[in-house]
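In the form predicted on its own, a lone chain appears below as structure tokens.
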Amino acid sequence: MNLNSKMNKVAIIGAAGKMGSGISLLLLNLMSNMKLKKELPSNSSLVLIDISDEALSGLYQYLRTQMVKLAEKNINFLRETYADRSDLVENGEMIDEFISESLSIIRLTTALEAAKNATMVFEAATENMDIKSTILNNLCSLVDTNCFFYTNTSSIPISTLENIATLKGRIMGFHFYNPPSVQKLVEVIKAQNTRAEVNEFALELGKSLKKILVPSNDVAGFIGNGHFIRDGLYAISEVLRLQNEYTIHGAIHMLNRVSQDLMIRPMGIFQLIDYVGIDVFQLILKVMNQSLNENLQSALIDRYLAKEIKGGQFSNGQQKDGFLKYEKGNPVAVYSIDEDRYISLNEDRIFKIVDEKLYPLADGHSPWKNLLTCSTSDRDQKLNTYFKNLWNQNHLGAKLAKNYLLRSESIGKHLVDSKVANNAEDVNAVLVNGFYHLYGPINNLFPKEKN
């Protein structure tokens, strides 16, 4: 299926949000390049819809800035494209022309009615079933029966949205990872009745956006959050088990360090929950708990949100305080729900005691950032050596790391056994490409005996 068959009028709902802005940039860049190559009708439009004029103004500035950067990076392409334009000689002139043509595609509005007659819709509203289903229902009366719908939901079953909005096979999950303009992974999720052409177009679009597409079956949470939520709940359960001996803030610090340093991940589990947003974590948790026959809930998450401790990011991308307090992106304190305050890592001796429980690191240990630049074979060899040595250690940090690794693996296998993922390779692909792990949870890097 050709891309231009569905890109005459594209609408993005929630365009100014964290995910919507990235999706807007990706589609604007794609449509702009297609227009330059005469692959798109001259009257094509990208309708960007959100609830706030102020947010849309910020989105416009963001898109303009990013498109300038992309144009500067691809100046050779512009020189070739404008080779027959005698009025465009200097690089700056070509960039200005490209930006002018690109931005002319955009239609900024707070009116959902502006999506009327759209040929394709991307829904990137907040992770709330009622909000998403209401939007999709309203859109149904504005577009014809040939419009394709793609939702960026990270947890809500696509079949549920399809049934509520009576979309009759025209919707599919197209779950970008944050930030969409940078992250390569997209989870693609078909509903039971998704039409073949809707799926075919999604695959073609993902290829054009240069994304790594991993299929997930239509089960709440899908692969990525199916693992992340259970992974986070395990860490929280360990905090509750250790809090009497090490305090709750000490235990949070310990599990965060174990998951980052000893398990060699890009960030600790509580830093990751903060990055996603504690409130978003809870929303996903509720969706999964309602849909699955598991006891997926956390009283500790509820207590933090009751204190308005939410995490997430500011509009400029800086990290908000959550379980941890941040300065220049680095954790400097831990919130104690018992004391109702952030406790500096330099303030309480418990942090020093906790850190001592994590050492010595096993021979062969290298930080995540160092291993990231290694070849795959070299990285796997180093990881294999390190984990074998870790398995021979018996201090508290090593025991926590080994049990956490095994729990992570069992979660991955559960996703395969319960038909969320088609195979172990898809689980590993999501964790490696979406969460930047150096290794998938289902692997042969370490022994399987639990300590």
Partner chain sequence: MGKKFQKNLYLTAGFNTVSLGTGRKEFSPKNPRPNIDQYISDAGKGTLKQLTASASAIDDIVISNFMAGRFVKQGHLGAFASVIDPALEYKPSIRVEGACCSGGLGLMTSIRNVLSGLSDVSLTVGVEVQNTVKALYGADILAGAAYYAGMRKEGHAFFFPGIFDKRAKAYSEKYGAEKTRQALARWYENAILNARKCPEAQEHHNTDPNPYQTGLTTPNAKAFLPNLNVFDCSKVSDGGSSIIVASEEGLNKLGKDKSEAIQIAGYGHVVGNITVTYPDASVLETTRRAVAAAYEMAGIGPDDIGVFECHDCFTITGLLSIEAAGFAEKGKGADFVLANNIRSEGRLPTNTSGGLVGFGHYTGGTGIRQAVDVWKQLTKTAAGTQVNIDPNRPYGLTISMGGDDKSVVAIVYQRAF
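Numbering follows the first chain given and starts at 1. Quick caveat: nothing in here was measured; it's all calculated off a predicted structure.
Missing here is the form predicted in complex with the partner chain; even so, the following discussion is about that form.
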Exercise. So which of G92, P367, P360, P179 reaches within 4.5 angstroms of the partner chain in the predicted complex, heavy atom to heavy atom?
Worked result: G92
Exercise. With the partner chain left out of view, which of E356, E339, D378, E72 would have a heavy atom within 4.5 Å of it in the predicted complex?
Worked result: E72
Exercise. With the partner left out of view, is V68 within 4.5 angstroms of the partner chain in the predicted complex by any non-hydrogen atom?
Worked result: yes
Exercise. Quick one: does L88 come within 4.5 Å of the partner chain in the predicted complex, counting heavy atoms only?
Worked result: yes
For this session: Check whether A306 has any heavy atom within 4.5 Å of a heavy atom of the partner chain in the predicted complex, and answer yes or no.
Result: no
For this session: Indicate whether the partner chain has at least one heavy atom within 4.5 Å of a heavy atom of R79 in the predicted complex.
Result: yes
Problem set entry | Heavy atom contact within 4.5 Å of the partner chain in the predicted complex, the stretch among 213 to 221, 124 to 132, 226 to 234, 94 to 102 | 94 to 102
Exercise. Taking the partner chain in the predicted complex, which residues along 177 to 204 bring a heavy atom to within 4.5 Å of it?
Worked result: none
